[in-house]
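We begin with a single chain expressed as structure tokens, specifically the form predicted on its own.
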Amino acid sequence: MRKVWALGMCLVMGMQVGLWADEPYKLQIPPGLPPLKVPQDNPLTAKKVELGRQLYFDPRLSRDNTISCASCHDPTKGWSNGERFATGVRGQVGGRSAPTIINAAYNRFQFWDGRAGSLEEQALGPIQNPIEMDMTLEEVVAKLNKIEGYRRQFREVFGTDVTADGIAKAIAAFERTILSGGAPYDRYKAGDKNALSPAAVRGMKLFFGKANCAACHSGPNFTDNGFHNLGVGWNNKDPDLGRYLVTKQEGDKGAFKTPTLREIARTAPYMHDGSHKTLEDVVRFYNKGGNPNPYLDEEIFPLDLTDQEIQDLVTFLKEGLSSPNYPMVKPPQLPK
């Protein structure tokens, strides 16, 4: 106790008051999800999560003060944007859809091509992307340091003025709290046989059986955290090569990260290019075996599903994986 007291006094003398006084964030893991691994150098605390929520919703992180993280990852739109592509500053449109951040805390890689290995690394990407927020880290740090409310909070949470590392850690901490579980599927699996309708039960059996969905959409978060070529967009003049652009491995051409299926009913349109408007469109695409190409994943082949089976599978995806405790978060009051 004497050593802890002495450390606390040293921190006070160093004007880092509050750095160690912040209460741990009481994260509730929804039923059906495993324990969450949190980086040792970025523990969840109440003030840090709240700071991250403010940064997440603040358009001042962009060059023209029009785009925030929530612009493309909106809680009212499945933590995506409801559009085919993501749109950034000056109305610039990207070439990929905005993936949901729901349960992104469980992802092994971030972005469709997996170019970021952590939420902290991912958080700084859009800020520096010329199509999205179009800022340098030096510029955004200088900009936020002019806002007294942010300077004060960064000192309380990190013991420093605004830094790029602090921005990344705060946003990542907030995003780790956006979790979805406790869906009808989880209740059914736990023994409540009335949690799913007969159609959804039939769809669930197809999902784990004939339809082969669980080959990639596996585990409690319904993703293998891997990368697969489905042939999506392969017929375009210049197809997006996906994971290959990161690894330069021939076998990764046209491969994209397997997304979670939790809350999938809320995140239309689908696929990395938003080319499928409905879940029925997606299932029919899989049913025909995707788009043939030299790099098509071995798990993609014609499924021979009937129209009724397609409808049952869609029912399971919509009904079974939509939680009554959807992680809705309202925008905070931003600091001045």
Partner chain sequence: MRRCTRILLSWACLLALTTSLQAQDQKKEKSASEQQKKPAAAKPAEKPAADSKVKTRDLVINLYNPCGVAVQPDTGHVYISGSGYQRILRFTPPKENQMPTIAEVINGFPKDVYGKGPKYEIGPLGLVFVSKNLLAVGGGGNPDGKEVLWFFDVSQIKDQPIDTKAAKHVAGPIPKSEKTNRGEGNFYALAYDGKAIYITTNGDDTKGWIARCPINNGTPGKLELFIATKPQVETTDAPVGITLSPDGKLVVGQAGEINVPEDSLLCFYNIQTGKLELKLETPLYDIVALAYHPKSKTLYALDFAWMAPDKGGLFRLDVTTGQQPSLKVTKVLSLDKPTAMAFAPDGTLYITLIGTAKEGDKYKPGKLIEVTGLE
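Positions refer to the first chain, counted from 1. Here the structure is a predicted model, which is why all the values come from computation and not from measurement.
There is another form of the same protein, the form predicted together with its partner chain; it is not shown, and what comes next is about it.
In the predicted bound form, its partner chain sits beyond 4.5 Å of every heavy atom of residue 87. Mapping the unseen interface onto this chain, residue 224 counts among the residues with a heavy atom inside 4.5 Å of its partner chain in the predicted bound form. Heavy atoms of residue 41 never reach within 4.5 Å of its partner chain in the predicted bound form, leaving it off the interface. Mapping the unseen interface onto this chain, residue 280 falls outside it, with no heavy atom inside 4.5 Å of its partner chain in the predicted bound form. Taken together, the three residues 191, 195 and 202 all stay farther than 4.5 Å from its partner chain in the predicted bound form, as judged by their closest heavy atom. Site annotation in the predicted bound form: the residue of 145, 235, 218, 128 reaching within 4.5 Å of its partner chain with a heavy atom is 218. For the options 137, 214, 245, 93, the residue carrying a heavy atom within 4.5 angstroms of its partner chain in the predicted bound form is 214.
Residues of just one listed stretch (163 to 171, 259 to 267, 74 to 82, 104 to 112) have heavy atoms within 4.5 Å of its partner chain in the predicted bound form: 104 to 112. Taking a 4.5 Å heavy atom cutoff to its partner chain in the predicted bound form, the contacting residues in 238 to 263 are 243, 249, 250, 251, 252.
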